[in-house]
Ligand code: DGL
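Just one chain follows, in the form predicted on its own, and it is written as structure tokens.
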Amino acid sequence: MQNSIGIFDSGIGGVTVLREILKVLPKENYIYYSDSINNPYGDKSDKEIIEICDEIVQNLMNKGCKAIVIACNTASAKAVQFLRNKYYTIPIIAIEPAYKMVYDHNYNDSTLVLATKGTIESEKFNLLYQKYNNYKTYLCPCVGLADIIEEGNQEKLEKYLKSNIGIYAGKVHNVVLGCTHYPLVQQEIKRVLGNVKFFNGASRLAIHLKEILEMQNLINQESEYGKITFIDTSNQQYRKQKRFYQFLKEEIKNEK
């Protein structure tokens, strides 16, 4: 689809980013690239992640994308600098864990950062963490959680959350959702942790993307509503697409 915004993630989790983007840029056309065949990115080396992301960006540019959104915290942490250096003619906007939002809005309360192992160990996140550390923060690498969310097995999800984050119940007030999959199970996380305040970077990314497109005169004014094209790299295109649009419609319904 020509003149589109390309969005990619290691699966359907980036739908949480697209939902926020649609609130501020409803007239744009989108190509959502779900790289399920390589999921999860968090257990791959930096070199592997860069090579995977490079191929995806080339693919999206070949489809006529005017801007790229990295809707994966691990890919953002590991590959964004390489991609921006190589593809300097196109805006590349990257999600990042919303740890600074805690600093800005709720600094004095205890915080739990939920993210992939790759994100938590990344240099990019650690620079952010050291800069805004409130010294009341727990870092929890949620190995395998994104896979379970992709799978959609509710029983397995609930068991995982109780086993891995149940120890923080009553201890934390802020929860940073450092993977774009995690907002999809925000209510399940809340049932385990109690009445916590959630932070994720999708809304800020959406606003930043709009500002960049406006600065470069790339805003689409030709239609009332744009189109969304979904691509999945695995052999489960139909199942993934069905869940993707289900999550998207649920958010639109809630907003209305």
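Please read these numbers as outputs of a predicted model, since none were measured by experiment. Numbers follow the displayed sequence, beginning with 1.
There is another form of this protein, the form predicted in complex with the ligand, and it is not shown here; the text below is about that form.
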Taking any heavy atom pair closer than or equal to 4.5 Å as contact, tell me whether Lys78 reaches the ligand in the predicted bound form. no
Just to confirm, Thr74 within 4.5 Å of the ligand in the predicted bound form by heavy atoms? yes
State yes or no: in the predicted bound form, is some non-hydrogen atom of Pro40 no more than 4.5 angstroms from a non-hydrogen atom of the ligand? yes
If you check in the predicted bound form, is Thr111 within 4.5 Å of the ligand, heavy atoms only? no
Any idea which of 159-167, 172-180, 121-129, 99-107 reaches within 4.5 Å of the ligand in the predicted bound form, heavy atoms considered? 172-180
Residue by residue through 142-172, tell me which have a non-hydrogen atom within 4.5 angstroms of the ligand in the predicted bound form. Ala146
